[in-house]
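Let us start with two forms of the same protein chain, each given on its own as structure tokens and named structure 1 and structure 2.
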Structure 1
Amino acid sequence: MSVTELQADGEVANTHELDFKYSMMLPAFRGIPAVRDIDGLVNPRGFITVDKHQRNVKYPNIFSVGVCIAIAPLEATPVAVGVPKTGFMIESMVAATSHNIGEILRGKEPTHEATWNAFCLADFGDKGVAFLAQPQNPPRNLNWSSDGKWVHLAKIAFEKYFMRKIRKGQSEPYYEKAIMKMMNVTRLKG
């Protein structure tokens, strides 16, 4: 593998070859071609820009949620990086968007904002890492992580639970809402 190391200012510091047996290189993510070049809708990488109510400023009738939105990184880096988005974070975007569309349909201005709280169970085979960040981007009110075999088991249990609640048509059962409230993990600000 050919590797180029960059300095903080983006200048090349070193280049070298790296031996490997197994590797995975991910290209930089980009927005989808259907919207990538629409002026005022997307950032230079093609991700949809949104305001605090999940809607685009130039096209206020367009709302966007999930991995397709542009979230600015906290600081400039020599190699452009994106901001990760977790499932719970996306659920908070969806909750804010649905409430805001409802307000618009009732002739009101949108008022709901997603918390963008990040909760994740990352499974690495027989182990994993769990983290909770409120909100995802600093300054944070809460920053917790743990690792081990329990995360792998928790991920399996969560996947079974998630599929069951979706099959039953329950996006947020009362007991889930109660547990999340007890942990002070919310989807909407305020």
Structure 2
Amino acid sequence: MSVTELQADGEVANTHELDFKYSMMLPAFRGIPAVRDIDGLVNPRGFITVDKHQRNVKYPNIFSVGVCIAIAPLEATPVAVGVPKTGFMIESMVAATSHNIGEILRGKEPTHEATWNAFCLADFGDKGVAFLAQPQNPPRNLNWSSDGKWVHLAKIAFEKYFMRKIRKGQSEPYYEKAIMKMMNVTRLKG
């Protein structure tokens, strides 16, 4: 693999070759064709723009959650990079959206905002990395990470727990909410 490292101003700082047996390159994400050209709905990369209530400004009947939404990068970088979106962050968007739609159905203005906290177990097969970032984008109130085999085992346990609660139709049982609140990890602001 040929690697080019850039300085902050975009000038080439270094180039080198990297040996590898197996490698994965992730191309820049962009929005899906179904929405990519809808003026006012998406940004130039095809991601859906939302206000703080997960609602599009031009089409207020459209709410968006997940990887499809536009999150502005925090700073200019020589190679454009996207803001990562992870599972818990998306659950918080969904929680805010469902409460907001409920408010609109009751004739009120939406008031709920997602925390966009990132609480993630990234499984590498035999071990993994856990991290907590509150909020996901700096400046953060909390930044923590840990790695080891325990993360792999925790991810297996989490999958079983997650599938069970979804089968039971409970997105956030009271004990989960209580435990997460002890760590100050909530889905909704305020």
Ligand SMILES: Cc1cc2nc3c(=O)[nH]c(=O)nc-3n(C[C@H](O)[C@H](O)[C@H](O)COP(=O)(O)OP(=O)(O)OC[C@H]3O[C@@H](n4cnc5c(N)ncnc54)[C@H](O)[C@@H]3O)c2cc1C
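Between two forms, the rigid core is defined as the largest C-alpha subset superposing within 1.5 Å. What you see is a predicted model, and the numbers here were worked out from it, not measured in a lab. Numbers given to residues start at 1 and step along the sequence of structure 1.
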property: Assignment: the form predicted on its own; result: 1
property: After fitting the core, residue 185 CA displacement of 2 Å or more between the two structures; result: no
property: Per-residue C-alpha deviation between the two structures [residue 8; rigid core superposition; Å]; result: 3.3
property: Rigid-core-fitted C-alpha displacement of residue 17 between the two structures (angstrom); result: 5.9
